[in-house]
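Coming up is one lone chain in structure tokens, specifically the form predicted on its own.
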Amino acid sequence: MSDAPTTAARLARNPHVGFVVFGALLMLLPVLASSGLLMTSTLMTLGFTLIYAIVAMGLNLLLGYSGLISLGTAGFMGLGAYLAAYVQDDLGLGFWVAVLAALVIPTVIGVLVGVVSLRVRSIYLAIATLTISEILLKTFEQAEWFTHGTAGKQSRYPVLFGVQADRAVVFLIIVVALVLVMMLTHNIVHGQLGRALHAMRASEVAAQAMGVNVLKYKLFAFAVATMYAGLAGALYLFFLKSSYPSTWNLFLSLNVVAMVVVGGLRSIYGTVVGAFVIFAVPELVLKRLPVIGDVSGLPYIFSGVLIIVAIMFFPQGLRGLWDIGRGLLARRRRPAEPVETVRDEVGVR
């Protein structure tokens, strides 16, 4: 009996249990939509928000933990989407092979980008990754045999274990993928890999002096980030059932950067919250306000304003605000020290 509270406390403190509980709560959303308590458009917006959270998780691993920047996120997402559509619909190889292709091929390209990162740094690395993304975007527009060009690539919901899925099932798949990505990211950053990435972010020279193989960990960081982007692109395709080249542009890459900055660097839950603030809030809240929602494009200025505010006043993003609030709450709950104890500490008799 005495071990029961200890076991429960351990489970409550286990991050993986928290991720599973978080995913279980998200899985209730399709139930609310089917019962009419949640609009279908709202479910769609939340589904895309979770997809962008997966992408932002990879960029946070790259930018927050490794100190590397990439503006090629949208291009790798688009590559994952078109690969998934081509493998499932054109080749007829099914959902699982399509997802595997969307994972492996962008990862290989990510490793090649990691090789480029050994030669360039900071803003030059951002320009290099942006160039790769623009090359992919032009490929999406011109390779009609693969993408159907500007007309867009149409797809269908996947068949899972012989059963045709629908939008609610795909939403559940997105939630499972997000939870697995959160678990994997947590394991990476809290293990030996995470310590090496932290050292590399602080100083590559010092990291090399401590025996960290900078080449290997740069390649690893880019590989994981592009793998997440490819996975998110495949999920995007199966959720929307279409992909257009105009979707995978610089604006999307910048929005993903905004999600990381606003949510908080080196924060898993903060990344999810950042995706919600940058994407879901303009769609679900600002567009429905009387004045702001009437002006086309005005809700999206909200994202830029948030980035400016976060950089100027809250460098740690929403995660920093959470830490400040938690510290203030803990300070208020802390009992006041007795007067006698204070007198003893200052030497008053």
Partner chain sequence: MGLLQPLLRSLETGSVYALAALGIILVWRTSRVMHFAQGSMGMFSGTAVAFVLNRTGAPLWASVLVGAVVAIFLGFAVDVAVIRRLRRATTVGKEIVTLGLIMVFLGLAPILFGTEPMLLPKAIPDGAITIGDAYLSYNGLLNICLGVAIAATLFVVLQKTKIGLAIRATASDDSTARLMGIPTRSVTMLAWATAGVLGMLAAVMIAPATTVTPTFMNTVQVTALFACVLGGFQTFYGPVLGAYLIAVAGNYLQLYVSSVWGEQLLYLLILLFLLVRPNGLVGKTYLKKV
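A quick note: this is a predicted structure, and the numbers were derived from the prediction, not measured. Residue numbers count along the first chain shown, from 1.
One more form of this protein exists, namely the form predicted in complex with the partner chain; it is left out here, but the text below deals with it.
Think of it this way: in the predicted complex, the partner chain has a heavy atom of just one of L28, M312, L289, L37 within 4.5 Å, and the residue is M312.
Proximity to the partner chain in the predicted complex, taken as a non-hydrogen atom within 4.5 angstroms, holds for one residue of A33, L63, L46, L318, which is L63. No residue of the trio G18, S155 and I173 has any heavy atom within 4.5 Å of the partner chain in the predicted complex. Stretch 246-254 is the answer when you ask which of 185-193, 98-106, 223-231, 246-254 has residues with heavy atoms within 4.5 Å of the partner chain in the predicted complex. At the 4.5 Å threshold, heavy atoms of V205 reach the partner chain in the predicted complex. In the predicted complex, the partner chain lies farther than 4.5 Å from every heavy atom of P282. When the partner chain is considered in the predicted complex, D89 lies well away from it, no heavy atom lying within 4.5 Å.
V261 belongs to the set of residues with a heavy atom inside 4.5 Å of the partner chain in the predicted complex. Taking the partner chain as positioned in the predicted complex, the residues of 47-76 that bring a heavy atom within 4.5 Å of it are, in sequence order, L63, G67, I69, L71.
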